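Read the single chain below, which is given as C-alpha cells and is the form predicted on its own.
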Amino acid sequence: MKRFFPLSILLIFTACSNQTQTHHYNGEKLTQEKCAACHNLDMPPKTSDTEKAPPLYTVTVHLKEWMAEGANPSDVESKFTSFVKSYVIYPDRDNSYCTKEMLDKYGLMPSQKGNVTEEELDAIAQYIFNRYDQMKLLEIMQEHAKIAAMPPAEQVLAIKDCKMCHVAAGGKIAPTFAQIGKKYQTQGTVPIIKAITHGSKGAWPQYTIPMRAYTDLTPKQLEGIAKYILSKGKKK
C-alpha cells in the first residue's frame, strides 16, 4: 500500500534540509581569548608599566568618540564595528585613530590575520562597543565607592557569594554562619580566615562540597568577616 505525504510536509522537510546551521559567537569569551594577552579588560581599567597595549576600555571609548564626530548617532556602532574588523586584520599607522604619542609608546598593533575570523571580530566589536561605556564606568565606580564606605564584613557580603551557601541554603549546602561561629568561638578568627583564604576541604565532612579559596580579600576584610561570623555563634 503506497503512502502519500501532503505537499506542505514535503516542503517543510526540504526547507529544513537546505538550511545551514548558524554559529553563535560569544563576544565576551572571544574578547577574553583574543584580546586579553595585550589589552587589560577590566572596568575600571588597570594600567601597568609592562603593558603591551592600552586598556581596551580606553581604546573603545576614544574610538567611539572619534566615530561619533559628525556622524548620525544610529550609525556609530556600525562604523565602529566596520573599522575594528578592518583595522585588526590590516593595521595601518596612517589610518589609525591613535595619537602619535600612543603609537610611539605602544607601536602599531600586529595584524591578527589568521588568529581571528571576520565573524569573531564582528562579535568582539559588538561586545566591546556595548561593554565599554563611560556611563557604565561611572555606575561601577559609584558602586565601588559605596562598597568601600561599608564596614569590612559588609563589603565581603556585598562582593562575594557567602550568603548563597551560608544563609539562604539554611545549612543544607554549607554550615550556617552561626554553626561556624559556634565551632570556632574559643579559637578566634585565625581558623576562619585560614578556611576563607585556603578553602575548607575536610573541615566539615558532613558537607560534600568544600568551600573554595578566596584569595583576593584584604586583611581588613578577612578580619572583619571572621569577627562577624564569630558574633553569629555567640549564645544569646
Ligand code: HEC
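Numbers follow the displayed sequence, beginning with 1. For the two forms, the rigid core is made up of the largest set of C-alpha atoms that agree within 1.5 Å on superposition. Note that this is a predicted model, so its numbers are computed, not measured.
A second form of this protein, the form predicted in complex with this ligand, is not displayed here; the remarks below concern that form.
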Partner proximity in the predicted complex: Lys52 to this ligand, non-hydrogen atom cutoff 4.5 Å: yes
Partner contact for Tyr132 in the predicted complex: this ligand, 4.5 angstroms, heavy atom: no
Any non-hydrogen atom of Tyr25 within 4.5 angstroms of this ligand in the predicted complex: no
Close approach of Ser78 to this ligand in the predicted complex, 4.5 Å, heavy atom: no
Interface residue in the predicted complex among Met43, Cys35, Val61, Ala178, criterion: non-hydrogen atom within 4.5 angstroms of this ligand: Cys35
Contacts with this ligand in the predicted complex, stretch 90 to 114 (heavy atom within 4.5 Å): Ser96, Tyr97, Cys98, Leu103, Tyr106, Gly107, Leu108, Met109, Pro110, Gln112
CA of Val61, rigid core aligned, shift of 2 Å or more between the shown form and the other one: no
After fitting the core, Trp204 CA displacement of 2 Å or more between the shown form and the other one: yes
After fitting the core, Thr186 CA displacement of 2 Å or more between the shown form and the other one: no
